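Have a look below at one chain only, the form predicted alone, in structure tokens format.
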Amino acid sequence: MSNAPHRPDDQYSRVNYRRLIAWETRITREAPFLLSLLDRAPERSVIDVGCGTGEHVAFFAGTDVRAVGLDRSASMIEAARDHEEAGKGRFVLGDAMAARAALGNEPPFGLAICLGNMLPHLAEEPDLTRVLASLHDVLLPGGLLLIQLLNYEGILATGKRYLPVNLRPGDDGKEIVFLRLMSPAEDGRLLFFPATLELDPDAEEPLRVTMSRRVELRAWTRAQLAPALAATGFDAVFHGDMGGGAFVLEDSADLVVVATRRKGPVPAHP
């Protein structure tokens, strides 16, 4: 297990995402698209930037490819260590803005994935540019970058305030309720309120809040991602789901980007 200290800004140190998400169902649903990208990549190797508890890394490692996870959260990397101990990938504590340095002598990859709320935690455009340039630096020429995030553009346009509720098995016949509420904020930001509740059908007060947080996210859109990707040496195609479907502003739950790394160094920035 990792002995790395918890960062004071580790917002997910008390969130057990391994228990809150139906990972087996999710990976099964996404697998055809993920494997199709791996087949298109110049090499069958993967880095998951913002890997969390490591389920995607373990999936790719199970297909007999080199798979590495990188995350700045010590608690997430610590949780992922059991995959590494089982021979299902390697996990590195480090910042996506300096991925090359964090990875040491690890060779470049054919595919990089960046899923969920990793990019929305970047509040400013220079930070987004630094991360994309860092990802360009760890990919082979012609390598692919997969980005998946919520369709924030659609969320803001429709005034949507919540994501589907997840119910997961708990202990002693109880259930875990994973609730995610949202509220628009200024300057293209979104307030995100993840919470878990314990549901005990036999209790007099059956619902008890066990965790709640307030997280400020940047609601990145196609109009912002497209020029940032182009400026950092990527050619991007946008989709609306993890199956490669078309993006529909008011209907797509996700914004999915498949970007190809151009040959040559990252373009210089003023």
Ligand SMILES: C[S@@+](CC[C@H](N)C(=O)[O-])C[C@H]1O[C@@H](n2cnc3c(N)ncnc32)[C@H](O)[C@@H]1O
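Each residue number is its position in the shown sequence, starting from 1. Since the model is a prediction, treat every value here as computed from it, not as a measurement.
Note that the form predicted together with the ligand isn't included here; everything after this is about it.
For the options Arg40, Arg222, Arg26, Arg66, the residue carrying a heavy atom within 4.5 angstroms of the ligand in the predicted complex is Arg26. Checked against the ligand in the predicted complex, the residues Leu115, Met182, Val138, Ala133 give one hit for a heavy atom within 4.5 Å, which is Leu115.
Heavy atoms within 4.5 Å of the ligand in the predicted complex map, among the stretches 67-75, 83-91, 159-167, 194-202, onto 67-75 alone. None of the heavy atoms of Arg218 is located within 4.5 Å of the ligand in the predicted complex. Not displayed here, the ligand is kept clear of Gly240 by more than 4.5 Å at the level of heavy atoms in the predicted complex. Among residues of the shown chain, Gly50 is one whose heavy atoms approach the ligand to within 4.5 Å in the predicted complex.
Contact check for Asp95: a non-hydrogen atom falls within 4.5 Å of the ligand in the predicted complex. Contacts to the ligand in the predicted complex (heavy atom within 4.5 Å) from stretch 120-146: His121, Leu122.
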